[in-house]
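In the form predicted on its own, a lone chain appears below as structure tokens.
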Amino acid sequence: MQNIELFYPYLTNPQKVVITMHQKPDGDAMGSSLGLYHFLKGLQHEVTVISPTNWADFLDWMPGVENVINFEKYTEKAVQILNEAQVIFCLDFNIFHRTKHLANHLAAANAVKVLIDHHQQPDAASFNFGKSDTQKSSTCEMIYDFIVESGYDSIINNEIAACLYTGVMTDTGSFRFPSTTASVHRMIARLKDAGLKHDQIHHHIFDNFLENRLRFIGFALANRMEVLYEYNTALMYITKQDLQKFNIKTGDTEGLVNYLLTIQGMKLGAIVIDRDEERKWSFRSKGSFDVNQFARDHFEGGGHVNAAGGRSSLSIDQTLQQFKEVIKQYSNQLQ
């Protein structure tokens, strides 16, 4: 994988560009993709954003989201566009399998592939150009850097600002995580200068759910949480029946794992959700406990030191038992 700066000359000549992201995209994945989309459109490129799956309703306000193609829903159309692409940007993931059924098509595509991502252990050999920086708060911050460092700061407008702010804000936990560096605040100041109305974005992201989600959260906290005080760990599980009972949709479980770390003394929070094809894990930690390595070693996952995800093909009961056995190995680190 060559340095991202060597890709800059491609920006001067209009290309057929595809931008894609990880499955079930969050605010950073969708924000970085749409921010880059508006930037490249401003440079007269022909741009299509393809999401591997659907996304949360609370992202539907984002400028340009109506043009995003859901690969699972419009597979034939998406594959045709991929096959015709000259450049493919891969954002907020660093290995193809994070894109689910899109992965094989990405691997087979003849286009120039560009990685921009902040997760650990990238599959660098799969990309022609790229930048991987685990010190960055978000992929949205990296897209901002890409725009500025390639010499096009003047193109940043309100649409780009709104998209990039969304990802930085969500991935930093509303600017409370250690990844919120001085450069993040300088970026936000520049976006404000471009016309950003940050209060409206907070409203769209956090104040836009249905009643059933709040009742679901209350149910989960009261009935699906277990605190393992001997390991300073809080654990939660959500069954398929729970999801059906409360009519839970994509995005409704977003942030639920963070409640677990609000308990005094907790160093690790873990939640597993029973999906149709697999059990999906989310891990959060405080301090030096590395959930990225924990997820990679035990749950076929990865991410960041303090935030990671994983999966299991076991039943919900079996993977819960697996977690409780595995966590014993980390007693000293968690106490």
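A residue's number is simply how far along the shown sequence it sits, counting from 1. Since this is a predicted model, take the numbers as computed values, not measurements.
The discussion below concerns the form predicted together with a small molecule, not included here.
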query: Among the candidates K131, K113, H119, K136, the residue which, in the predicted complex, approaches the small molecule to within 4.5 Å (heavy atoms); finding: H119
query: Stretch in contact in the predicted complex with the small molecule, which is absent here, among 37 to 45, 262 to 270, 279 to 287, 56 to 64 (heavy atoms within 4.5 Å); finding: 279 to 287
query: Contact label in the predicted complex: R98 to the small molecule, heavy atom within 4.5 Å; finding: yes
query: Close approach of P52 to the small molecule in the predicted complex, 4.5 Å, heavy atom; finding: no
query: The small molecule contact in the predicted complex: A307, any heavy atom under 4.5 Å; finding: yes
query: 4.5 Å heavy atom contact, E300 to the small molecule in the predicted complex; finding: yes
